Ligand SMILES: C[C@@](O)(CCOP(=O)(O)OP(=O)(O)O)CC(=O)O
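One chain comes next, on its own, written as structure tokens: the form predicted on its own.
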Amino acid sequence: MSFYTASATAPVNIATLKYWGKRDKSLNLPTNSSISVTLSQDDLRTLTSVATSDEYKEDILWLNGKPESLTSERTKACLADLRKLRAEMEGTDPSLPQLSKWKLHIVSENNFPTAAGLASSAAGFAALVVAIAKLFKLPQDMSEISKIARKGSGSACRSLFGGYVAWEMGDLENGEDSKAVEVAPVSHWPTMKAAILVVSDDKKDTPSTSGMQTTVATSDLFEHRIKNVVPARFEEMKKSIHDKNFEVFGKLTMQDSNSFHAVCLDSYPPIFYLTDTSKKIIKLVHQLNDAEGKIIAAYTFDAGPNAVIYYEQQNESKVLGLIHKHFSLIPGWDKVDTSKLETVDIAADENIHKGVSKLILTLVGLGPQETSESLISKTGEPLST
């Protein structure tokens, strides 16, 4: 039996300028460009191992230890594109093994909740595409590979890079210019950190895909957002990253989160991703910034209730001091010497912590990594089963 395998990890990215709305559903082409921060894989990552053999009978996927269907059009589109690139290589070099014609066994694991608004699909498709690209030894760069990941999950294309990433929406109907590009590497602004308050790790009531379709079809605010708001904000946010200007970056990040959730609310019927706890966290962040007289913390919420609060290392004592004051009873403080945090005198509902299940403390991180760590056995089965 001929057998080949490869493994890769991929990070979560959290958008600071949101992608919401598709101009082409099958190609996952967005109605606006977006920007994100890639988070450290030490805290949030997907690990995917792939194997191929001339004896495998079908493509099989195991996700977090459970068999999953590989019949979704999005997954099939990714596999077809990757096999096409491999077949082109095989066509020019007959000595290469015909991996493009063999079936794949795929084993994937997240170290965080799936489908809970923590960008699990972005990390998942990014890891899937990169692992297979490594298996097939594809020569294309990450921007090219990002166009394939985009077909699986739009925001997955941004997880092909570390640091600060833009997804350029592009203009072409075939999507060839809709891809991720690096705005700045981790090393440019390494002091960016994030505190994630997991408000709910349940699956979302309204999945992102169906939510987008409802918004595009029914929201009057949506057209104003994509035509008049986002294009200017895209350039301003890129500049704030290049300038390492947290006050501008933070204000734009919070404004865009609010704008995104406004068009969700303007949809018919309305889409509610924020909970009462989410709104109380928003108020706390504004109160902290007001007390400081400048923006030192910036919240953003994706299509879910979980709060991602960005801040710089130099302000960690104050930002985490505020969070610890109200959320000291939730798990996730093991990385922090809480005795050194500043006491922040900002009041809130004494039961606010009951709406949060855990805290994840992380920072800006690297893009996908090939790894020798494998989840798959030499027989093509998950090692954990």
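Owing to the predicted nature of the structure, the values given are computational and were not obtained by experimental measurement. One-based numbering along the sequence shown.
Only in words, not in the display: the form predicted in complex with the named molecule, which the text now covers.
Although the partner is absent here, residue 154 sits close enough that one of its heavy atoms falls within 4.5 Å of the named molecule in the predicted bound form. In the predicted bound form, no heavy atom of residue 23 sits within 4.5 Å of the named molecule. Contact check for residue 121: a non-hydrogen atom falls within 4.5 Å of the named molecule in the predicted bound form. The named molecule is not drawn, but in the predicted bound form it has no heavy atom within 4.5 Å of residue 249. Here the chain stands alone, but in the predicted bound form its contact with the named molecule, taken as any heavy atom within 4.5 Å, falls in 207-215 among 308-316, 95-103, 291-299, 207-215.
For the options 41, 28, 52, 49, the one in contact with the named molecule in the predicted bound form, meaning a heavy atom within 4.5 Å, is 28. Here is the short version: of 133, 303, 199, 285, the single residue with a heavy atom within 4.5 Å of the named molecule in the predicted bound form is 303. Residue 74 is the sole member of 59-84 found to place a heavy atom within 4.5 Å of the named molecule in the predicted bound form.
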